[in-house]
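The data below hold one chain only, encoded as C-alpha cells and taken in the form predicted alone.
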C-alpha cells in the first residue's frame, strides 16, 4: 500500500513539473486549424491573412484545412474527435456554438469546447442583383408580400445568423420567403448573380468584388452600424426595426485541452491582429472589424448570444432543443 502511495505521489509530482515545460516549449510541431466555411469567404480570407503572423509568434507552421458544411458544424464535429493535445483547433463562426445546436442534434456539445479567443466580428449587407426592380428594402418587402413563397434568398447555411436575420425580418413582416443554403457566402452571392435566388444576406468580404464591379445592389445593412463599403445604405435599426445581426469569428480547442496551449494560441491571435498591415487590410480590403476578445470574454459573449439567438429561433419557430 505504501509503495502504491509513493508511486502515485511521484507520478503527480512529475506531472506537475511537466506543466511549466509545456507552457515554455509548446508548440513543438505544426498546429492544425480547421476553417468552418468555404474558401474565398470572410472567414477563410481573414484567417489566411493572420496565419503568417500566428506562425511567426508560435515559431511553427499553422496548417489551415477547410471543412465547410452545415453552416460550420462539420468543422466542429471533426474537432470534437481530435486529440486534446493542443495541436488541433478550429475557427468557429458564432452559429456553430449558439444557434445550430439549438436547431438540431449534433455530435458535439458547444459547452464543452475550450474557448481560445475571438479576433473580429462580421458585418452584413442585404443585397439583390443590380438589375433587380427593387431600389429599397420596403419595395422588396412589398413584392415578397404580394408573392408569397416565390421569393428566395441565399444563406451560407441554415441556422447561420445570415439565415436567421432574414427569417426574423420575414416573420416580423408576415412574409413567406424561401431560404436556400449554400456552402459559404461566396456561393450565395454567386446564386444571386446567376438569378437562382432573388437576394442574399452576406458578409462584406464575400461581396466586395461583386459590389464594386456594379453587379450587386445593397438594400439594407443588417449589422448594428453603417459599413464603409456602402456608406449610404441604412441599417435595419435606422429603418425602425428593433434588431441588428451579430456574429463573430472565434477559435476553440477540443474539450480537455490544457490551459497552456489555449493561452499560447490566444496570444498568437492577439499578436496577429495587432499588426498594422492586418488592421489596414481588415479595414480597407476585407471591410471587417477587428474586435479582439480573450478566451474568457469570448466565452461570455458566446453565452450571451446563445440566449439572444435562442430567443429569435423560438420566435421564428426554429428552436428544437
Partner chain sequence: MGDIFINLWQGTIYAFSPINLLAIVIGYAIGVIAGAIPGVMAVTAMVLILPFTFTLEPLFAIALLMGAYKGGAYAGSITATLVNIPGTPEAAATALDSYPMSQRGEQQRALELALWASVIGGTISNLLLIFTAPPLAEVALLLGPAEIAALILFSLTAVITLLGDSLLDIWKGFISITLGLMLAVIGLDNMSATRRYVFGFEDLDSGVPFVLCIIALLALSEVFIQCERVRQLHIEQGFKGVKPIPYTWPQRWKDFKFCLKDLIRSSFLGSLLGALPGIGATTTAFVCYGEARRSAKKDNRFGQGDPRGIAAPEAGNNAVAASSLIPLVTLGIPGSVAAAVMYGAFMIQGMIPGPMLMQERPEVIYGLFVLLVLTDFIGAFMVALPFIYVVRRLLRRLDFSLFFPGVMACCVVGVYSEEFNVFHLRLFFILGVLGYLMRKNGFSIPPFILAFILGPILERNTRTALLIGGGSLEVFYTSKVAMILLILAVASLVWALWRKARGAESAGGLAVPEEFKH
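Between two forms, the rigid core is the largest collection of C-alphas that superpose within 1.5 Å. Residue numbers count along the first chain shown, from 1. What you see is a predicted model; the values in this text were computed from it and never measured.
A second form of this protein, the form predicted in complex with its partner chain, is not displayed here; the remarks below concern that form.
In the model of the complex, its partner chain stays beyond 4.5 Å of every heavy atom belonging to residue 290. Using a 4.5 angstroms limit between non-hydrogen atoms, residue 141 is distant from its partner chain in the model of the complex. At the 4.5 Å threshold, heavy atoms of residue 224 stay clear of its partner chain in the model of the complex, well away from it. By the criterion of a heavy atom within 4.5 Å, residue 260 is excluded from the residues contacting its partner chain in the model of the complex. Though its partner chain is absent from this view, in the model of the complex it lies within 4.5 Å of a heavy atom of just one residue from 120, 74, 165, 117, which is 74. Of the candidate stretches 42-50, 291-299, 248-256, 262-270, only 42-50 has residues whose heavy atoms lie within 4.5 Å of its partner chain in the model of the complex. Proximity to its partner chain in the model of the complex holds for all of 70, 190 and 210, with the criterion being a heavy atom within 4.5 Å. Interface residues of 96-112, taken as those with a heavy atom within 4.5 Å of its partner chain in the model of the complex (partner not displayed): 103, 104, 105, 106, 107, in sequence order. Once the cores line up, the CA of residue 95 ends up less than 2 angstroms apart between the shown form and the other one. In a rigid-core overlay of the protein, residue 196 has its C-alpha displaced by at least 2 Å between the shown form and the other one.
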